[in-house]
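Consider the single chain below, provided in structure tokens and representing the form predicted alone.
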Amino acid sequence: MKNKPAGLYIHVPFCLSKCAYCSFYSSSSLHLIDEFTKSIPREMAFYKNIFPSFDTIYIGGGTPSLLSVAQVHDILLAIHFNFQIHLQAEITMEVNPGDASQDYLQQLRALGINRINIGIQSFDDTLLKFLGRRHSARSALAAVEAARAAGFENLGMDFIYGVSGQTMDSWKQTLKTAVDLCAEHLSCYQLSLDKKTPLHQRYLTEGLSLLTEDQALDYFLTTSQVLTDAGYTHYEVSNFARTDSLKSRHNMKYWCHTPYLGLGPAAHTFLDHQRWWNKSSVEAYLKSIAGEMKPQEGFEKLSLEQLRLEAWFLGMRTKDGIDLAQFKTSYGCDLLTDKKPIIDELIRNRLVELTERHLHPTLAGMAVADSLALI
């Protein structure tokens, strides 16, 4: 894995307002954006010549579309100065529908951004308000139209299901709208709430309920059925692509234990059996960079057993599953021998299937992927 092209993630931790359900680190201190964009290239310099090359770049957040075109330009320029980037690299940027003017998107396209991911979440204004989103269904549709007019041919959309007040019919309508818009990639996540989020507190205060296990299964299977009937490949628990070539190449690195470098506050890195992560504070991050120090907050070296368990867990989330020969080479474990009784049981229960070289989850297995990880 060491010599494979890595993935580069830039975390832009700024938001105008924090969504009620979001547990990711973000800051509303927008006055720090300029200093942040000047600090990111300085962090890059710490890792020059550490990774052989990158073939995916993902600018996520937070709300990366709060950056000006000039700031995005400077970050991309620094990336190409410090790292070897493949000519056909997938370069993604997350965009909030409220920030997606056609002029802004056209300029991003001219800079080399070739994939846009729009955080739509719903086409229902009532649900958007409940989730604390700052855009409307109308502005979401306008953002998609603007992205197409700007020339983007690889467009991803994010959605959430299992929200209080949502019905199965309204969710199906959301999926139909996404299909009609010809999205190349769809991510459909079940709502889960961290105890620190405002929405979790609202659920407690108002006596609202998240999906039951049976309801969650119904939504999962319905989502898969609707989108596969529309021609999408259900290639990971929450992700669908119109063709194999339109899978999120960057996210695939996380699921395949491929090295990736994370820059910016709270970003994570994985390399050579090691994982480290940055400080979850813009101010602390900037202070470290100003002091010519890596802004790391934590570090761990993974044992072979930990890597093996992670590879199993991640593999059971993907349609392709686990390449048995590669697993044995990488982790020193012959799954069909070492885990035979358990795997035989999973096969009998139609949760996994065995082909000539692969062990992969069935749709029913993907629905309970977290449970499969416990073997």
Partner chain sequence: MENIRNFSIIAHIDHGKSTLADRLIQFTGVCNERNFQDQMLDNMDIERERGITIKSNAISLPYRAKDGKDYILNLIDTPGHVDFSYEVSRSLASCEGVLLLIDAAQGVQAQTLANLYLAMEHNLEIIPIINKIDLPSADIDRVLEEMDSELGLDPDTHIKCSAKEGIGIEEILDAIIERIPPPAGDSSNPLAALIFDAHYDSFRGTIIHCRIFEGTVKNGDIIRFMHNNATYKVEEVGHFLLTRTKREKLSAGDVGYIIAGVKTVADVRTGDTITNHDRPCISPLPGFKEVKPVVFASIYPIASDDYQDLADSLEKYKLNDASFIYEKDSSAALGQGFRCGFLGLLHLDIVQERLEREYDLSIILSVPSVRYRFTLKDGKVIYVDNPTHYPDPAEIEKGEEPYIRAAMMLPERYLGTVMKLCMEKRGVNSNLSYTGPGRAELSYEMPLAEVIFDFYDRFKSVTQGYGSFDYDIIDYRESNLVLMDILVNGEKVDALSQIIHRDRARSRGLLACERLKDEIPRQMFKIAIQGAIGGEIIARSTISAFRKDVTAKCYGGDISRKRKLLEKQKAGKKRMKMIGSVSIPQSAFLAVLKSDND
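Worth saying up front: this structure is predicted, and the values here are computed from it rather than measured. Numbering follows the first chain given and starts at 1.
Beyond what is shown, the protein has a form predicted together with the partner chain; the following relates to that form.
For the candidate spot formed by Tyr189, Asn239 and Gln306, every residue has a non-hydrogen atom within 4.5 angstroms of the partner chain in the predicted bound form. Stretch-level contact analysis of 260-268, 131-139, 288-296, 201-209 against the partner chain in the predicted bound form, using heavy atoms and a 4.5 Å limit, identifies 260-268. Contact between Leu346 and the partner chain in the predicted bound form is found at the 4.5 Å heavy atom cutoff. Taking the partner from the other structure, the partner chain in the predicted bound form has a heavy atom within 4.5 Å of a heavy atom of Ala216. At least one heavy atom of Asn251 is located within 4.5 Å of the partner chain in the predicted bound form. Taking the partner from the other structure, the partner chain in the predicted bound form has no heavy atom within 4.5 Å of any heavy atom of Asp180. The contact residue chosen from Leu354, Ala20, Cys15, Ala367 relative to the partner chain in the predicted bound form is Ala367, the criterion being a non-hydrogen atom within 4.5 angstroms. Residue in contact with the partner chain in the predicted bound form (any heavy atom within 4.5 Å), chosen from Ile85, Ala284, Ala230, Leu302: Leu302. Of all the residues from 4-33, the single one having a non-hydrogen atom no more than 4.5 Å from the partner chain in the predicted bound form is Phe24.
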